[in-house]
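Taken one at a time, structure 1 and structure 2 that follow are two forms of one protein chain, written as structure tokens.
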Structure 1
Amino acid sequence: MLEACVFATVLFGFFGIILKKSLVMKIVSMDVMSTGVIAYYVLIASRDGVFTPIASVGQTAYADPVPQAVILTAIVIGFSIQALMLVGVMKLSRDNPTLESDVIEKNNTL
């Protein structure tokens, strides 16, 4: 059930990236998608238990610390990339106030 919710989040984010017109909304959708991915890591980490992995008497159901450590790195990278993208979008917004990606694309590349 939780897994289904996580995948729904990833998919909603992905469709948002495709369907939304505005660049800012696309970036927000990407954030939704990465939230889904992070949640999936946390979910897999808690397969064997949810307790913090600190050795204590009578406790065996520890959460797996490895995926959590990995996703911490990914969170930091993800947010720095988003910050960088938003700076780029701020620069673009001066000449393209609506920030519609297809208009920007038509003006700049095709």
Structure 2
Amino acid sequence: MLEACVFATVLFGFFGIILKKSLVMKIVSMDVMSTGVIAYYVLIASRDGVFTPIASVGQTAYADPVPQAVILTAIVIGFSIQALMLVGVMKLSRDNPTLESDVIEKNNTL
């Protein structure tokens, strides 16, 4: 069931990127898709019977900390990419009265 929810999140983000005309909505859709991908990795990395990698007495089976580090890195990189795209949209909004991608393309080709 969780796999279906994660897959639906990725699909919603993907179709949002394709179908939405506003650049801000495309950025939001990309963030939704990124959240789905990160949730998929978390879903794969989670296992029953293993403990967090914190040293304690009596625990022998620890979870691998590498997937957690990879996910944290993906979150940070995704946030920085999103910030860069929003700066690009702000610069585009200075020259164009709208943020619709097809209108911006028409204005720039004339």
Partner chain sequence: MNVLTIAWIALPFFIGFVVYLIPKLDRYLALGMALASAAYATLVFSAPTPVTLQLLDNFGVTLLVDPLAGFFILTNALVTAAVVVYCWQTPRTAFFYGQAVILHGSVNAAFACTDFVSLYVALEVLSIAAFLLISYPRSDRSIWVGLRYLFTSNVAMLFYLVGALLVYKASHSFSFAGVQNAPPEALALIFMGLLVKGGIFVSGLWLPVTHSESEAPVSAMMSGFVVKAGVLPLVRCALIVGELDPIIRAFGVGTAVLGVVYACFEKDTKRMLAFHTISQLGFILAAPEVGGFYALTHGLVKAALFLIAGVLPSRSFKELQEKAIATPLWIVLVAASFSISGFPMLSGFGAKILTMKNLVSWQVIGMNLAALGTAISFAKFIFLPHKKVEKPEELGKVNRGFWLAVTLLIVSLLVANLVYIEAYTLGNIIKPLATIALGWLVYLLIVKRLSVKLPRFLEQFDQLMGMMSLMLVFLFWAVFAT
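For numbering, take structure 1's sequence and count from 1. These figures come from a predicted structure and were not determined experimentally. Each form is matched to the other, and the largest set of C-alpha atoms that superpose within 1.5 Å is called the rigid core.
* Asked: Structure 1 or 2: which one is the form predicted together with its partner chain?
  -> Only structure 1 fits here, because that chain is the form predicted together with its partner chain.
* To do: Could you check how much the CA of Ile54 shifts between structure 1 and structure 2 after a rigid core fit, in angstrom?
  => A shift of 2.9 Å.
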